[in-house]
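Heads up, the chain below is alone and in the form predicted on its own; it's given as structure tokens.
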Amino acid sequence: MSPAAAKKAPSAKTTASKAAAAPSGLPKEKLLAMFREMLLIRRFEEKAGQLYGMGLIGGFCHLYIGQEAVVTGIQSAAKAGDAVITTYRDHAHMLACGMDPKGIMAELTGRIGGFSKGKGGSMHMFSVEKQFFGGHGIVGANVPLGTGLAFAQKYKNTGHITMTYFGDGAANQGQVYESFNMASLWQLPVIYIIENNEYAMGTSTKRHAANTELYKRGEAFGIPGVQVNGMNVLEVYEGAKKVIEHVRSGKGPYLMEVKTYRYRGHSMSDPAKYRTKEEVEDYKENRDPITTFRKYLEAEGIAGDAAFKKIEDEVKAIVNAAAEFAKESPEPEPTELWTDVLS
């Protein structure tokens, strides 16, 4: 809890706190699965960047490189059947939900083998099977949709919850606060996850947010909040586990601010001149989520070079196979313009 929050001493329902790191106590298999997930996301995004440079991916392409610990930690604490909805920086969320990398890459390249038959591209992929309800290109628009998903879960008494991801820039949108109000009023099973990567497009958080402690944004609606270190997958996991338990038990929504950082620009067309090379290099060298987690696993005697080499080889093969599938999958026929249209 921040000193300011401690002075106000709000009720238990509205108290915002900062989650501390805790010993994982997780089995070796789970820890290695988390490492593999983060590495898969990193290598997939690097490959997507290559295909974009080759002209095989058109339009916008927003990469998740640097933020891998966020979605990996949270989805590792969720359970099958829980819903996920996010914004346009979404490839990692699809992978963390268990969607086939081949279908994701094919969609990025606009091919019929993609999850939206090549018609959605980077920002609009869906999988009802995996309860993934999209990437959404309009900033903040997914938040009321995620609130609606949670309403349906409560109405149908499914026992599941909804993870609604959005960025620090979207946290300033009016529809976000309308959603907070309804979610609190109806005690909906939704977690609002702010992936605070410090820049809303090219504008730093301290320049676009009057109050940069974004985890407190739900206090006016009686929604508790927590801030976690999004560059450490175990801290994200421990924080998410507690939040998920709260929401799944029927106590209503929760706000989770995850402090993270993206290494690339806002999208592939962004040269990111609004920040220094030194700032980016500091994160890469000293706070990289994959490097630091590997060091932890090595120090704990959980895995060594051979195990990491095996994981790297597996991930490389999966990503290469996804890229080849995307290249070989045909483009959709013109008649696809008239399918999947609600009239």
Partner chain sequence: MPTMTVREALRDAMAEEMRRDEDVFVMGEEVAEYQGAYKVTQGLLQEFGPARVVDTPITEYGFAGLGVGAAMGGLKPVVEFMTFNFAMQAIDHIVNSAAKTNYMSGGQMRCPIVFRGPNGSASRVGAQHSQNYAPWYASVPGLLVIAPYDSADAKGLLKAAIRSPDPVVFLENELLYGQSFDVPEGEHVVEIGKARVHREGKDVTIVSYAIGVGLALEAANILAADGISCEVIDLRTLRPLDEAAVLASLKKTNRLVVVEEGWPVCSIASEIIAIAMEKGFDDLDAPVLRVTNKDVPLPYAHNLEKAAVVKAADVVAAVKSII
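Numbering follows the first chain given and starts at 1. Quick caveat, the model's predicted, so the values are computed rather than measured.
Not on display, but discussed next: the form predicted in complex with the partner chain.
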### Summary
Picking from G120, G265, G113, G222, the single residue whose non-hydrogen atoms come within 4.5 angstroms of the partner chain in the predicted bound form is G120
### Contact test, all of I290, K309 and A317, partner the partner chain in the predicted bound form, heavy atom 4.5 Å
no
### Query
Does the partner chain get within 4.5 angstroms of any non-hydrogen atom of Q175 in the predicted bound form?
yes
### Query
Would R248 count as a contact of the partner chain in the predicted bound form, using a 4.5 angstroms cut-off between non-hydrogen atoms?
no
### Task
Considering only heavy atoms, tell me if K156 and the partner chain come within 4.5 Å of each other in the predicted bound form.
yes
### Message
Even though the partner isn't displayed, in the predicted bound form is L188 close enough to the partner chain, meaning a heavy atom within 4.5 Å?
### Response
yes
### Query
Going by heavy atoms within 4.5 Å, which of 268-276, 238-246, 202-210, 137-145 lines up against the partner chain in the predicted bound form?
137-145
### Sequence-ordered residues of 37-73 touching the partner chain in the predicted bound form, heavy atom within 4.5 Å
none
